[in-house]
Structures are given as structure tokens and as C-alpha cells.
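Below sits a lone chain in C-alpha cells, taken as the form predicted on its own.
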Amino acid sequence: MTSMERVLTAISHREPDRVPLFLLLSLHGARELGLSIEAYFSRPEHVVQGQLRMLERYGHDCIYGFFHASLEAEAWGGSTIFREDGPPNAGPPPIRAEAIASLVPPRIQEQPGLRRVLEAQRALRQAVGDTVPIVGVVMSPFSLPVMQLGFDHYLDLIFDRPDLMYRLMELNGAFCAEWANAQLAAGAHAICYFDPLASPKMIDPVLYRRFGAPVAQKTIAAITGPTATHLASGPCLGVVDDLVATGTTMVGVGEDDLAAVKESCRGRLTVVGNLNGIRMRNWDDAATATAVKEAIEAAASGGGFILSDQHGEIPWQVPEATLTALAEAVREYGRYPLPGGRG
């Protein structure tokens, strides 16, 4: 099977030839090219070359067309802070609550950072066609306000000015759908809908159901391709039914009992996860193989499972040798039918 065939079979809740592997590597391409992280993301051709080199090196089953989340903050007037050994972060929040009433969404084609992403995804699609899924990324209208306003003002808005929170999410929803569809038109096959505030560990599910879930339903319905809702390491077990109701296809699993999540999602959502990227920094070959086998044992039966990390981005500090061992372990232990006739 090609990677695309393997993934499509898995998300149809059937068993492909082996468990698909998504190595969500946004930063390691810089090391492949001997560049700083800031220099790497400054030109789309760097990301194209980095992603293709990593695909050849590890033989995993996706291309990650994601640069960094703060590009969306930049589009709304914010900035990016680069680090030498970690993901870029958003600078000071660009929006004040009193400006929300007159705010208008940015235009995608007028944003240099977003145009770089589209250019890279376009070139990647030309390079791999439909043999390997290309994953684009958007921030959810419910979680983006943390970067737009800062966490303290985000909570102020929810509790004290819900009218402005609804207004901001409406603007963000329009922007999110347009940004997702621009990536699909450029070359992405699917969209990762990052929504960490949907996790019960981050916010009371009652508030998620009041604010985040309705806007997710509306926004995902406006996105013209499949979506994977990712809670960026946050547990999802308490909101699985809510995520199903949004119309999403997959869920990125964080700090959850993987077997329990798979049982809750079986036949409804494809489970993506949930190797611990922080622990992964110190795994040797034996620890890597054990983690892969445990995840496969917990969730691979019957398809509907893609092995990946739990955050949606593998840390810079994870060595290349560990990634190689991880890919080899999936090829050795992830072949269907699983041992013992399970599935």
C-alpha cells in the first residue's frame, strides 16, 4: 500500500497492511538542512526540502505542512519569538477587548507568513501527488483568542463579556475556514484543527459546550476536507461525544488511557496518538520499541488508529536515532493481522 492508501483504509475503520505512522516533525527539517529554526521557516523551499528529506529518511506516512502557530497571531497583528531549540512562540497579544466590536479578519493573501505556508504546500503536493497525505494546520476559533488576547483577558471575556467572546469567535471562524480551505486548495489533503482549549484539563466542559463546540461545528462544516481535531496533549476522553458531534474525522489523543479512548471512539473517530514526546527525548531502542508495542496493543485492533505523538509536534530534542528506531518498530510490530488474531 502507499501511505495514502494505508491512511485512508485506517480512517475507514478497517485494517490496512500496517499501522500508519504520522511523525509530526515541524522543527527537525531545520537540522536536516543545517539551518537555524528562524532561517528554516523564512523560506518555503527550506520546508519543502526538509519535509521531503525526512520522508525519505523515516518512511513515515504523512507530510506535515505546518510551520508554527504564531503565524496566525502574526496575521492578526502579532509577532513571533524564535528560539534556537524549540518551537516559535507568539509575541505580545495583538488585540484588546475594546477593539473586537470593529475588528475585521485579515485577508489570507495579504499575509506573507501564510503565503509561505501555501507556497510550500503547493510544492509538496507537486512532489508527492496523492501518494502521501499532506496535513495542514489551523487554530480553532475557540483557542486562537489565547494568542490574540492573552490567557487572562481570554478568561475575562468568557466570564464578563460573553457577547465579545461570541463576536471574536465568529470572526475567527470565518478566518479559520478560509485559511483551512486555502491550504486544501494549495495542496493539503487534510486539516489538523488544533483546539487545546477543548480539553477538560484546560477548561470546564460546560464552557466548551457553550462556546467552543458550537463554533467548531459551524467551522468544521465550512472546511472542504477531512479534519483531525487535536487537543495538543490535553485529555479528550471527557468530550469525545462532543468532538464526534462537530463532524471531525479524527482526534489527536493526549494524556489519556489510549485503550479507553479507542473504545470510546471505535467506529466514530480515528484515534491519532499518543506517544509522549517529552519522554521520547530519552528513549533508547528498547524503550522506543516498548512504547510502540504498547500503543499498538491498546488501539490498533480493527483499524481506526494512526500512531503518532500526543502533542502534534515532536520536540526538537528528540534524536534522529530515536525517530529511526520508532519507524522501524512500527514496521516490525504494526503489521496486520496483529499477533493473536486480534482485529
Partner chain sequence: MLLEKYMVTSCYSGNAADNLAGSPALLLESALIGMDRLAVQQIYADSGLSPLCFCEQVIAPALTVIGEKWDRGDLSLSHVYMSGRLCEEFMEQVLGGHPPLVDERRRVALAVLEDYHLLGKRLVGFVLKGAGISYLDYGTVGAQELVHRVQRDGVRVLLISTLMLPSALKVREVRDGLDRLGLECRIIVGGAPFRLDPALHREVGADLGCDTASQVLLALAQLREGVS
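Numbering follows the first chain given and starts at 1. Please read all numbers here as calculations on a predicted model, not as lab measurements.
The same protein also exists as the form predicted in complex with its partner chain; that form is not shown, yet it is the one meant from here on.
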Quick one: of 49, 276, 301, 288, which gets a non-hydrogen atom within 4.5 angstroms of its partner chain in the predicted complex? 276
By the heavy atom within 4.5 Å rule, which residue out of 156, 163, 130, 257 makes contact with its partner chain in the predicted complex? 156
Contact of residue 152 with its partner chain in the predicted complex (heavy atom, 4.5 Å): yes
Examine residue 87 and determine whether its closest non-hydrogen atom to its partner chain in the predicted complex is within 4.5 angstroms. yes
Quick check on residue 44: any heavy atom within 4.5 Å of its partner chain in the predicted complex? no
Consider residue 204 of the chain shown here, and say whether it contacts its partner chain in the predicted complex, taking contact as heavy atoms within 4.5 Å. yes
Report whether all of 92, 282 and 317 sit within 4.5 Å of its partner chain in the predicted complex, measuring from non-hydrogen atoms. yes
If contact means a heavy atom within 4.5 Å, which one of 241-249, 263-271, 205-213, 106-114 is the stretch that engages its partner chain in the predicted complex? 205-213
